[in-house]
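Before any questions on binding or motion, here is one chain by itself as structure tokens, the form predicted alone.
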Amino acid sequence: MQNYQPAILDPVPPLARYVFFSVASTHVAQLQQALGRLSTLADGQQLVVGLGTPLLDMLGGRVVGMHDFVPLQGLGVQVPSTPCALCCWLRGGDAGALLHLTRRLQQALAPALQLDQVVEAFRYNSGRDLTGYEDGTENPQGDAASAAALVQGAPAGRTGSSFMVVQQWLHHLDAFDAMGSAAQDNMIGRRRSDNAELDDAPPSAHVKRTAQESFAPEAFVLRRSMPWAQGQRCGLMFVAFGCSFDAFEAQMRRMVGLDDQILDGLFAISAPLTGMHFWCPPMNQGRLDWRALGF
């Protein structure tokens, strides 16, 4: 039986909900009971669970490698840190079913945790960002994906866990449309028409800023991002899983230009609204494994 939440390695679903909770109780026993009820709902496939430092601190949990998202500022852009206690990634193909699962989550977690935000997401055009470019082209595959995304060789309760980054990016599609196709391709570093990488793309191209093999050590993450839309606002829910946060943080520092004073071209049409780190516990006999937290 798998010791990790299987959706981490699965393709993104047609529809999803990102449901964010905050701590509403100071009683550790009440929080533990809520997580026990959560385990009956979380199969790791339709529902992926990630714990943030506000909840881990309340529980007295010390997960090696876990820390808050680090805010960054450089070259006129800001990458905020917005810590969150609990993130539940609901996956499926029926919006009504996801709504009812959200209600069951609220009931199971109350009164220890309260729902703060829900972001609806969807798969667009077989896995593209709303700009029309393929997302996650450089994702590792097979054993390499497991090595990048999952903690391995650690004690029971940690092996099979994963560190999840969640950022809600707001796209300015009018600005993107005004650029023209050649400028758009150079901003990304790929041709939208065939996804071919551009050898002569500028150093600010997103593909060059985040080329995973160009870091020392190499900075591989497993991306599982999905577009979102609410009213007239839209963008990308950037989600990446790693065996640590190191690879993501290296990429983010370079995107902001802290390494070489070159800003990622993506910031011309998109900005991060949030920045959150979560620890996704492993599975044990089909249920979430809380042994790393001592219960």
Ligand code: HEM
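One-based numbering along the sequence shown. Since we're looking at a predicted model, the values are computed, not measured.
Keep in mind that the form predicted together with the named molecule is missing from the display, and what follows is about it.
Asks: Spell it out for me: taking the named molecule in the predicted complex, does every residue among A148, S161 and R224 have a heavy atom no farther than 4.5 Å from it?
Replies: No residue of the spot touches the named molecule in the predicted complex.
Asks: Indicate whether the named molecule has at least one heavy atom within 4.5 Å of a heavy atom of G136 in the predicted complex.
Replies: The answer is yes: G136 has a heavy atom within 4.5 Å of the named molecule.
Asks: Even though the partner isn't displayed, in the predicted complex is F248 close enough to the named molecule, meaning a heavy atom within 4.5 Å?
Replies: Yes.
Asks: Any chance Q167 has a heavy atom within 4.5 Å of the named molecule in the predicted complex?
Replies: The answer is yes: Q167 has a heavy atom within 4.5 Å of the named molecule.
Asks: Using a 4.5 Å heavy atom cut-off, state whether H206 contacts the named molecule in the predicted complex.
Replies: Heavy-atom contact with the named molecule at 4.5 Å: present for H206.
Asks: Exactly one residue in A42, L266, C243, L31 has a non-hydrogen atom within 4.5 Å of the named molecule in the predicted complex; which is it?
Replies: Of the listed residues, the single hit is L266.
Asks: Answer with one of L35, L236, M66, V49: the residue that has a non-hydrogen atom within 4.5 Å of the named molecule in the predicted complex.
Replies: Only one listed residue qualifies here, and that residue is L236.
Asks: Which single stretch, out of 80 to 88, 114 to 122, 101 to 109, 206 to 214, brings residue heavy atoms within 4.5 Å of the named molecule in the predicted complex?
Replies: One stretch meets the cut-off, namely 206 to 214.
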